[in-house]
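A single chain, nothing else alongside it, follows as structure tokens in the form predicted on its own.
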Amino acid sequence: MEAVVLEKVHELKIRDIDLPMEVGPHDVRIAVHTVGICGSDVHYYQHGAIGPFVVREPMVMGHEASGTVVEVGSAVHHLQVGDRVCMEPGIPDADSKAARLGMYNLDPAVRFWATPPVHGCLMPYVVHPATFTYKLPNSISFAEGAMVEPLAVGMHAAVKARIKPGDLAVVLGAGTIGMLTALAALAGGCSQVVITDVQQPKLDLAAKLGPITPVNVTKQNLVEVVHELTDGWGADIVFEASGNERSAASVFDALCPGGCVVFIGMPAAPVTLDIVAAQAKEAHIETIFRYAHVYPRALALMGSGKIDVKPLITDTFEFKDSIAAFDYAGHMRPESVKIQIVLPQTR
């Protein structure tokens, strides 16, 4: 079957590929409907590597996906043919210590779609463990279903922040993950969120998503804005979602005494933190790596209408135009947030 294959850095093709498609007793076969393009996908396309993960052989792209179940394994009882689903892309070793401790996202042996050397899902069909396949509520479209994966990142960050009702949070970076983190923080109990960026169209969109105050850091001082909103106290939580080195180094500036910083973005180079600034506020520092145990909560919030991701889906391409979609994702307009690819539906 045809797939979107990264042959090597800067070389992407839509071509036939022969991959194992046997459905085991605990698996399901899924006709893929929608796949989102993540920043990591673009990074592999443009640079061929992210840290220790290096593309050394052809790899199918994509890990944010939804689709329809077309075959179920003999031991699967919670899903049936015709179910609309989304798929959690990381498959851990169920017997690993990390998995047994509940931290399956940290299993060193986890097989994560479109992370070298593991193939992704940007192709007509995938076979996936039923345990990591989730039925979509009737109110959620395939496009929204493909947004559960990036929302899970924001949800995991919100959980790690230990939000208290009424907290004020700052999100540094108004990309897809930043905006979804803001929505997760509001759903988790924050009374308001301040979000920063340098691109005004993204900030304008973020301001329409809820009680979110946009701050363009090229024109405004974040600390002054936060102090005005908090009578000089500071933000209860700062989420660093940009991955920008300067932004990551400044996380304690707007934080209140005893506040929490959660690092989400991954800077391309090591970052120097002002430990004394953190100590002077007794800041709590949390980090996240992907997510664990949040897909059901994300789907519940989306299904109830508490979180609406539709405004963030700004660009849609057909499967045959996938290479153009990736090229656009690498140089997209400021008003674009999430780019998705829709596959032709065949059974």
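Just so you know, these numbers come straight off a predicted model, no measurement behind them. In case it trips you up, residue 1 is the first one in the sequence shown, and so on.
This protein has a second form, the form predicted in complex with a further copy of the same chain, left out of what is shown; the following refers to that one.
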### Message
Partner absent here, but in the predicted bound form, which of 316-324, 61-69, 34-42, 299-307 has residues with a heavy atom within 4.5 Å of a further copy of the same chain?
### Response
299-307
### Task
Report yes if all three of I195, R246 and I339 come within 4.5 Å of a further copy of the same chain in the predicted bound form by some heavy atom, otherwise no.
no
### Task
Answer with yes or no whether R29 is in contact with a further copy of the same chain in the predicted bound form, where contact means some heavy atom within 4.5 Å.
no
### Message
So in the predicted bound form, is a further copy of the same chain close enough to E144 to count as touching (4.5 Å, heavy atoms)?
### Response
no
### Message
Considering non-hydrogen atoms and a 4.5 Å limit, does a further copy of the same chain approach I288 in the predicted bound form?
### Response
yes
### Task
May I ask you to check whether A187 falls inside a 4.5 Å heavy atom distance of a further copy of the same chain in the predicted bound form?
yes
### Query
Only one of V76, V118, A98, V110 has a non-hydrogen atom within 4.5 angstroms of a further copy of the same chain in the predicted bound form; which is it?
A98
### Task
Have a look at N221, T131, Q80, S139 for me and say which one sits with a heavy atom within 4.5 Å of a further copy of the same chain in the predicted bound form.
T131
### Message
With a further copy of the same chain taken in the predicted bound form, which residues across 215-244 come within 4.5 angstroms through any non-hydrogen atom?
### Response
W233
